[in-house]
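Take a look at this one chain, the form predicted on its own, written out in structure tokens.
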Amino acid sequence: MANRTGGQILVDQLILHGATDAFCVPGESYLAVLDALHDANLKVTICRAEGGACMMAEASGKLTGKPGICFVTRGPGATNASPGIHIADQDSTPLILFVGQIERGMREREAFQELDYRAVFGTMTKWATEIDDAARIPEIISRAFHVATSGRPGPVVIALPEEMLTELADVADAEPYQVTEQNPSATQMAELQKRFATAKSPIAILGGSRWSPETIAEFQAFAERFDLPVAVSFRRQMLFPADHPNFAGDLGIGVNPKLLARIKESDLVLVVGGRLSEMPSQSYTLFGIPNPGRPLVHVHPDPEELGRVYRPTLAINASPAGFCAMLETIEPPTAPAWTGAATAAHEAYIAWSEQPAAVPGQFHPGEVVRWLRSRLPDDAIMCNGAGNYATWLHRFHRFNKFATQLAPTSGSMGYGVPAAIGAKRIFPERTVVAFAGDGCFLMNGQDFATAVQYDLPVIIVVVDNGMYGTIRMHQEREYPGRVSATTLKNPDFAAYARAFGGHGERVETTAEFAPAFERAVQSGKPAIIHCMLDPEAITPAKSLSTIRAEALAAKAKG
């Protein structure tokens, strides 16, 4: 190969490994990369804050299964990007963050914006490293793609010393990366069949990453043959069609009590891809630790996860793709003892997702979500960050296709807006809607400017109750009547949208939402629909006053 700069070698590797998009906030520390991107066949999205840029890249990784690519500058640029790294870590999302770095000869003098990136990111990445020699760029980038996608996917951080990027090197490109699949053994599949042969009330729970439409279809066929109820983990609702007759619901916050009861009464739990972490396990109360209290078959691509919290009856180190491809090799019992259980579980889910939730005030989020699910196409991408407002979306929307949900299992606020923008950048032909609380929106709301800059007509539904609602709910539950540090005074979000060059609407009643949404669609612009929610409407089931009254009554009883 002819001599190339480190920046050019790096960009060539990204394209070779199949990257099509990169999200960035520019910095002088990686000017050589920006120069190489000028002529590259790689779509670059310029963002307004590093946190938003990294979340857009993480959303790309969630939707495609390929590492999302993000570039930020050194020091504060890197620390600003850290929320996106933490999301990718907890959500098992492949992501590669490139960080500009000081010159190598200035190390350990606390030079301008100097950080030790291995130390800073070492606990929330699969690998954090620094490239000292431009000739090693193909090697290290190849390893980064393999590490980010193998086993349990996750983030990689690579620091790029400034002058290394301008050095010339005569080095060959790497070969394109290949995801390493893990497959179950025939013995393990035979043991799984035996477990089903003696089971009376089995259930499956799907979670994690490394799924695809094909893998989901294979598991769906298995569930149909076995008449098996199938639940999904927290914010993994796109892993099984909600309208499928075997779908039992999702294990999240405010879960259907009937689903919890079904899992507690089961005598065989098949967990595929997920970790059964705090939220889906209902704060680690759903199963015993380390003994789950019932037979547990745990399928996971990372051997270190198997037995880490729960001692499985049968541990299978396999990716969802490897495992599901083998499901056709096992047969259900001739007369399953649980016949009809899937139908009953699905009927309970339908009732739960249709149950009218009368909430205080004139704007009812549940009715809005039910209207949207009848209005939006099946492949619409629904996004949200963290907050009680998301409870209505998760409970009442029905996800029926893969790559239609972007929501942080890490519970990160500020995620919905950049995730929606990243999704629309990757899939411009698809409808993208984001829900955001008033507090959640303003954590990355400045990237609405990015949507306007690139003509990305995302629709942001801002649910405004004038407070950090989730924290206020917990506050009233633990310290009733003692409101502290949770009240917000908000701008006119519709005017905010118009100020950026987008479309803005204000909605005060449920009836006003549908026409406002249609006008937003017809505008062809990025849009914000500012919805006024009564502060009392804190959950689909209870008002804020009810939570406070219950807490006061409990305290009075001692």
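All values derive from a computational prediction rather than experimental measurement. Throughout, we count residues from 1 along the sequence that is shown.
Another form exists, predicted in complex with a small molecule; not displayed. Remarks below refer to it.
The small molecule in the model of the complex comes within 4.5 Å of no heavy atom belonging to Q405. Of the heavy atoms in T409, none are within 4.5 Å of the small molecule in the model of the complex. Remark: Y389 counts among the residues lining the small molecule in the model of the complex, judged by a heavy atom distance of 4.5 Å or less. Though the partner is left out of this view, V272 does not reach within 4.5 Å of the small molecule in the model of the complex, counting heavy atoms only. Of the candidate stretches 210 to 218, 312 to 320, 434 to 442, 69 to 77, only 434 to 442 has residues whose heavy atoms lie within 4.5 Å of the small molecule in the model of the complex.
Interface residue among P365, G100, G469, P153, judged by heavy atoms within 4.5 Å of the small molecule in the model of the complex: G469. Note on the partner interface in the model of the complex: the residue among S233, N465, T125, S92 having a heavy atom within 4.5 angstroms of the small molecule is N465.
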